[in-house]
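First comes one chain, alone, set out as structure tokens in the form predicted alone.
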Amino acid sequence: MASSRGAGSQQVIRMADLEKMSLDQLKAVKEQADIEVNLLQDSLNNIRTATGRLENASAALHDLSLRPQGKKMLVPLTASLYVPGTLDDADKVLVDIGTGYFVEKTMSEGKDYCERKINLLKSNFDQLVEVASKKKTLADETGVVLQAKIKQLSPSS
């Protein structure tokens, strides 16, 4: 908790110091904040994509649990390649836990794994949205101060 309060107060101090900065310093702060906002947006998009995939996997597990043993079906090998197969045991599934590792789990354990990962990703998403919002505010305020300084330095017509 103390570290998050410290980070927030540090940002307030930075905003108070914006007007004391030179044009070059302001440009550097603005560029850095814009880069960080873009990286955070990319991370948010990646989390959205991963959450969607996990939700699809959870739905597929639910659908698979409803099918009877011996049911003929198409098994996806890639996103566009399917091969015919037969459902042998719907209670056991292979769960991709990352970097090419798979773990055999029961159907309920597989569903639970997907739900835990979805909840974790949603929590991370909410935290990143908050950080991105603060960075965007910093970038916007820096831009306003930068424009005001440029206006002050330009000869009035």
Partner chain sequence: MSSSSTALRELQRDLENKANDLSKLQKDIAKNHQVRKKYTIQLGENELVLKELDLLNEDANVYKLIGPVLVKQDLAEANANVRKRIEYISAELKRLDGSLQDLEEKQHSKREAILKVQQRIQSHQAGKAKA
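By rigid core we mean the largest C-alpha set that fits within 1.5 Å across both forms. Positions refer to the first chain, counted from 1. None of the values given here were measured: they were computed from a predicted structure.
Only in words, not in the display: the form predicted in complex with its partner chain, which the text now covers.
- Listed residues 45, 99, 127, 69 were compared with its partner chain in the model of the complex; 99 is the one with a heavy atom within 4.5 Å.
- Only one listed stretch (61-69, 28-36, 90-98, 47-55) carries heavy atoms within 4.5 Å of its partner chain in the model of the complex, and that stretch is 90-98.
- Mapping the unseen interface onto this chain, residue 120 counts among the residues with a heavy atom inside 4.5 Å of its partner chain in the model of the complex.
- The closest heavy atom approach of residue 105 to its partner chain in the model of the complex falls within 4.5 Å.
- Here residue 127 does not count as shifted, since its C-alpha moves by less than 2 Å between the shown form and the other one after the core is aligned.
- The two forms, fitted on the rigid core, differ between the shown form and the other one by less than 2 Å at the CA of residue 45.
- In the core-superposed comparison between the shown form and the other one, residue 68 has its Cα shifted by less than 2 Å.
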